[in-house]
Every structure is written in structure tokens, then in C-alpha cells.
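First come two forms of one protein chain, each written alone as C-alpha cells, so that there is a structure 1 and a structure 2.
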Structure 1
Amino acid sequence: MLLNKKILIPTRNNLTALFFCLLVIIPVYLVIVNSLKDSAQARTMSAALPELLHFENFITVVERGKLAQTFVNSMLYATSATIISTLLSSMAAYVLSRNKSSLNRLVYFFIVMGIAMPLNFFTLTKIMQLTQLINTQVGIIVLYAATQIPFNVFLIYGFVDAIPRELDEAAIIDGCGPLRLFFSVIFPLLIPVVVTAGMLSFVGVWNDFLLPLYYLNNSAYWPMTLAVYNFFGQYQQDWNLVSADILLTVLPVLIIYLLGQRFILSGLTSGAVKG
């Protein structure tokens, strides 16, 4: 009984957890080892270790896949959309949370509904044409910022309540206007949740390939996700190159995840569990 409790059950549990971890790791491992093989050895995408380490694969894909350009594009879209969306969302969430008038409650409700709303790509095309944003980098940034707003407002709104109102009052007595109150007093205190919202937005935009698929015909504007898919179309036989391209595309989000895990996981659960 004691043996059972102290050794057997924990061992069984750890083995089960390890099994699931292995299921996750194997595909990731396959990409890593195959990105270092030559084309012939990578053909079957096997788990075997590379005979020689072909680091030049990475240089090849950067050149042939025009990865420098697509990396800059992805960075531009993810960073700009994240900054715009988190800034506008914090301003909105702050006022909606502090001043719960019936109009503001309605506005909050209306915005949060957007978390579930599917986009209509046909009429959105029309709006993109009317606003002259179709096929432009500004256009895609605006679209990403707009689609991230509902979740960000939802996330930040709950956090604003936790900031004591006494701070506002003190600042107002000291003569702060609304803008100064927000930017010098409230916003610094919102940083933890803004970082969470920002990371989730960044990863969301970086990983997306749906919006560019619809709204960016010009391949010079493509982000890494769309470029890697296109690269795969051209080099299906060269899994070593495709793997290297995949790895480079995944790397930025991987780094963000490993460094900012605490923020990402807290953001996912803070809205979900208590509600």
C-alpha cells in the first residue's frame, strides 16, 4: 500500500505526463533535426540525426524565401498593431470601467461581443476599398489592431477595477487633467495587464495568415506565415529547407513564449476562470 502510494502511482503519473510531452516534442524535434540535413536525407522527414550539420540551409532559405523582407513585414504588422490596439484598448477600458454610466455599459457590452464575431471578408473588402486601405501595409495593420480590440478591452477592463480610485482623486485634486491622469498615473499601473495583452496580440498577429491571404496580393507585403506557405509550395521536395523556414518563422513566438510565459498564461486564465 505504502509502496503503491509513494512510488508506483507517482511513477505512473510522471510517465503519463512524459508521454504527452513526448507527443508535443516529437514534431518539434523533427523540424529541428531535418532543418540541418541535406535534401536527400530530409526527404522522408525521419527522426534520424543529420549526418552532417548543414547550417547553410538557413542562409539558403533566407535568400530564396526572401525572409529578410517578410521578417520585417511581420515585425512591422505585429508591433504596430499591438501598440495601437493595446493603447486604444487601455484608454477605452479605463473610461468604460471607471465611469459605468448606462451608455458606457452598453458600449462595453457591444465591444466585448466582438470576441465572438466572425469577419465578413466580402463586405470588409468593400470597406477596405472605400478607405483606400486594400493591399496596403497600413491597411493590414489597421485591420489587425481592430480585430484585437475586443479581447484586449475585455482583459484590461477587469484590471482597471483593481486600481484604487483614491489615486485618481488625489491626482485630480493636484490638478491633473484626464489625459495626464491616465498617462502619468493609471497607465503605469496597468503595465502588467498591458504586457499580457500585448504579448497575446503580438503572437496572434504574428501567427495569422488569414488576413494577408485575403487582403495582401502583393508578395512584397507578405508576412512570414504566408511566405512559408508559399515557399512550401515551391520547395515541397526539400524538407530540409521547408523545415529551416518553419523554424525561423516560429522562432520569434517561441522566444516570446519562453520569456513571457508568466504573462501569457495569466492573461488566458484571468478572464476565463472567474467569469
Structure 2
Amino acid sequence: MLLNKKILIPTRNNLTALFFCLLVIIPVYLVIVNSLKDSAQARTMSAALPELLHFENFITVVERGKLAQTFVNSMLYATSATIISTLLSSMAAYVLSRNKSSLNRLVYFFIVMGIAMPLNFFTLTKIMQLTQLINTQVGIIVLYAATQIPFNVFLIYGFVDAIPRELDEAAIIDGCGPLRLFFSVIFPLLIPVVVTAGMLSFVGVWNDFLLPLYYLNNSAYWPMTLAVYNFFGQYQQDWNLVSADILLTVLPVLIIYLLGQRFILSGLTSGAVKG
């Protein structure tokens, strides 16, 4: 009986993992193979391999879908929001972690509540209109940075707790001011978790669809996610072009995620253990 459990449990776990892997891999496979077919072959979105490889689909998508411009926009939004959010979150997490007063604890929980609280688009629209940030690139960057701060603070806060306070005291004795103390002593120690927060923020901003849909009416400011949405509306019968568009949109963030996966896992693990 014990031997059967030792065999059945790992087998069950492996089959479960295989099932969930297939749920992820099959849609990706369908997009890849159909992006290389002609319009007639791709109409059914079948899993069959293409008879001929139509790489010109990608050129057509770049030209008609204006992907070059939207790629620059997406890179601008994701990079700027990631830098702003991770920097501000690191500073906030350090201050809140080192000064655990009742007020700071309240501020910390107020910030972290942003992880679970949904956006109120009606109120947010009014604020964007009053500040004249609606339909501007600066406005969407500020929105993205603000939405990423709660989780980043939560992630970095536990990591800061693991850094000995003696380092702060030694730096102060050596004459470091608050900014120099943070950027010269503390921030280099936060690099693993900061990279983790930055990678997750970048992926989240790149894949977002709702904020630019609501707050960017000018097509010149659209990111790649909105370009895919618009392209699908125009070419919904040409699944080969739609698949090529989707593939080109997810490819940059997929490459970045694969390159940074090691940092993401190490940062999450370190924060969880040390926090």
C-alpha cells in the first residue's frame, strides 16, 4: 500500500503539471503555427503545420498595424513606469520598515491595500481631467507607476527587514546623510528584490490593456496591446495576420521575462524567507 502511494502521488502530480503546461503551451503553439500560414489555411486556426512558411505576414503586420510606433510607446511606458515605481517603492519600503511607528504601519497597510482594491475609473477620470493628464503620455506613465507601487512596496518591505540596522548606524557615524545612506549603502543590497519588482512591473505594464483604452484617445500614443485590439477589428478574418500581430506583441516581454526569470525567482524567494 505504501509502495503504491509512493508511485501514485508523484504520477498524479506529474500528470497535473503536464495538464497545466499544455493549457499554456497549446495556445502559444496555435498562434505560432498560424502566424506562418496564408489566410485560407489559418482560417480554422488548426494545429496543422503550414505547407509553406509565410514570413511576409510579419512584414505586413508591422506596416499595417503600425507596430514600430506602438512598440516605442510600449517600451517608453513600461520602462519609465518601472523605473519610477521601483525607485519610489524602494525608498518608501525602507522608511516604513526602519521606522515602525503606528502611523507608518497605518501608511504601509494603506499602500498595500492597493493590491486588492479595484480602480474606480469614474473618479480616476475626473482626477486625470483636473490635472490635465488625460490623453497624454506623461499621464499614462504616472498611472502605471502608481498602480505598480503597492505590490512593489509589499515585496521590498520584507526584504528590507533582513538588512541589519547596524549598517545604517555605521553609515551615519561615517557621516552619511539620509539620501547617501540609502543610495550608497542600502539600495545596492536591495538589487535582487528591486530587479524582481522591476521585471514584474515591466511585464504588468506591457500587457495592460484597460488603462490606455480609457485614457489614451490619440492613436499616436497607443501601446502594442491597443494596436492588437485595433488590428483585430480590421483584419478579424485574416487569422494569420492576427496571429502574427499577437506573436510580435508578446515576443519582447517573453524574452525579457525569460532573461530575468532567475532574478524573479531568487528575489521572491529571498524576500519570503528573510521577511
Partner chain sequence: MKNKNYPFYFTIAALALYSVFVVLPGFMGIAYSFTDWNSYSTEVNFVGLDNFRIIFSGAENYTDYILNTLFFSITTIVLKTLIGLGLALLLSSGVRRFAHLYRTIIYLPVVLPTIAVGLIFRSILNPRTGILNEFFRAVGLDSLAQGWLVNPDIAMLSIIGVDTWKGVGYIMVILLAGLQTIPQEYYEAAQIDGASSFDRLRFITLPLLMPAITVVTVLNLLYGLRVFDIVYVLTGGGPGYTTDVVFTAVFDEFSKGRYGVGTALSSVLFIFMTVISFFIVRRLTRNPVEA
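Only the largest set of C-alpha atoms that superpose within 1.5 Å between the two forms is called the rigid core. Numbers given to residues start at 1 and step along the sequence of structure 1. Remember, it's a predicted structure, so these values are computed and weren't measured experimentally.
Between the two isolated copies of the chain, the second is the form predicted on its own. Once the rigid core is used as the reference frame, the Cα position of residue 251 differs between structure 1 and structure 2 by less than 2 Å. For residue 16, the Cα deviation between structure 1 and structure 2 after core superposition amounts to 5.2 Å.
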